[in-house]
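Here you get one chain, nothing else, as structure tokens; it is the form predicted on its own.
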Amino acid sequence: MSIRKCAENNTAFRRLNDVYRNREKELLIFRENGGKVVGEIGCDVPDELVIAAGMLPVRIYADRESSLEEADKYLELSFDPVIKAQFEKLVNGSYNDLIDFLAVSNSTDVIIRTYLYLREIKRIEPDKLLPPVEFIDWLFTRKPMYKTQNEKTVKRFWETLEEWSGRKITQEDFIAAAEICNKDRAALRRISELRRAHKPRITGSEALVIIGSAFFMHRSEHAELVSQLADDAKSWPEAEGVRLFLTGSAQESAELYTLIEKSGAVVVGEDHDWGDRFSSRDCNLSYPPLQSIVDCYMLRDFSSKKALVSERVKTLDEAVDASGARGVIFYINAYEEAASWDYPSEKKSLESRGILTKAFVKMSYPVSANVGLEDKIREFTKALGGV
């Protein structure tokens, strides 16, 4: 199934797909026109502030063809393979002419370690052309006493962005940027509704392109294109197949989704950071700016890396129920232990309600390195009544 003709023939989708496949294109144009680009590692960097500072936020992503020659000099063998590939691109010079600054949020423990390695490399190897780095040290809790600390964290990032951009970020700047991001998230939620509909109009692969392109282009243009696409896709043919939900490791490409769809299934939802989780909560503009950002990023559903098992069980149950999925695939890369901690309890809860699960753990990166994976997915799809 993957990318269908109805999507390929759609003007808005073609533009988003071009950005998704050519991820440096827009940021190069932005920099050529005098703009500054902020690379991001971690899913909890407040894009609203980067945009309010007049800069372009872009996600650092892994290169599946990377040799990891430089990363292997610094990182342990047990490092998360995707983060390791991202680290390689930062230290081997790939991003030297692409980004001006780097913001790292403590979204996972391995990302925290990545920041510490980068900081130390800058200290002992000043000849390495690493960009200036800011670490966003969130406290992942919803207790009021920590809310104050998180607002201080946001304030420090706000001040760093002012220094980087050479301009003050006013409250009006923030509101304008937050309105753009809220509009984009609202459009993406319309896409999610079309995926979860009784007759899905958008495949998982198409949805990944629509969501993921946001990480590499002007957010205002992305919002307009996604809104137009949501209107157009109402008339697209049904995406047929057994309804599946995907959880576990984030998917920076549609490779896994393509395998699932080839097996006769349709991915109607996911909870990783390159999927539906990105648009799950807006900035509440009735709040002061710092409170608005903390509310948006710290009150949305936590990923497995920063949540209690009980929180993850509840969150996954609700997401699967909303999607109408008949089965859930747990796909977890090698050395991503956190997601595997939740699995036994999540499996028990899902299967107690008649939802079948299939776990793929300690998976190699990239997806194509896993021999026999397509056949195993097809077996699971058949068990759910697929082709």
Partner chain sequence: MNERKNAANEPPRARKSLKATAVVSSYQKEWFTGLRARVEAGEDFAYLNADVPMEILRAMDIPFVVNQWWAAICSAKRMAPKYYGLLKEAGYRDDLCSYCATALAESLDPDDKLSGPWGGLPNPTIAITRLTCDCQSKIFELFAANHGAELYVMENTVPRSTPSKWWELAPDRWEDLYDKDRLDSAVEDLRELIAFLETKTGKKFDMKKFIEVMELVNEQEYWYKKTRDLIAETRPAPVTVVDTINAVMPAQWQRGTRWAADHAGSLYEEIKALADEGRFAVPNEKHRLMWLGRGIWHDLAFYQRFEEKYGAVFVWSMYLAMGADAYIRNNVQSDPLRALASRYIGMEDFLHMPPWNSEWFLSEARRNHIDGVVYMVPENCMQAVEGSYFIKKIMEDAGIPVLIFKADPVDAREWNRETMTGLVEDFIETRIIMGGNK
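It should be emphasised that the depicted structure is a prediction, and the values quoted were computed from it without experimental measurement. Residue numbers count along the first chain shown, from 1.
Below, we refer to the form predicted in complex with the partner chain, which is not included among the displayed structures.
- Heavy atoms of residue 243 never reach within 4.5 Å of the partner chain in the model of the complex, leaving it off the interface.
- The partner chain is not drawn, but in the model of the complex it has no heavy atom within 4.5 Å of residue 213.
- Within this chain, residue 338 lines the site of the partner chain in the model of the complex, having a heavy atom no more than 4.5 Å away.
- The closest heavy atom approach of residue 143 to the partner chain in the model of the complex falls within 4.5 Å.
- Although the partner is absent from the chain shown here, 73, 113 and 121 each have a heavy atom within 4.5 Å of the partner chain in the model of the complex.
- From the list 49-57, 31-39, 314-322, 338-346, the contact stretch for the partner chain in the model of the complex under a 4.5 Å heavy atom rule is 338-346.
- When you look in the model of the complex, the only residue of 236, 274, 157, 117 with a non-hydrogen atom within 4.5 Å of the partner chain is 117.
- The listed set 139, 91, 194, 175 contains one residue whose heavy atoms approach the partner chain in the model of the complex to within 4.5 Å, identified as 139.
- Shown without its partner, the chain has 108, 109 in segment 82-109 as residues with a non-hydrogen atom within 4.5 angstroms of the partner chain in the model of the complex.
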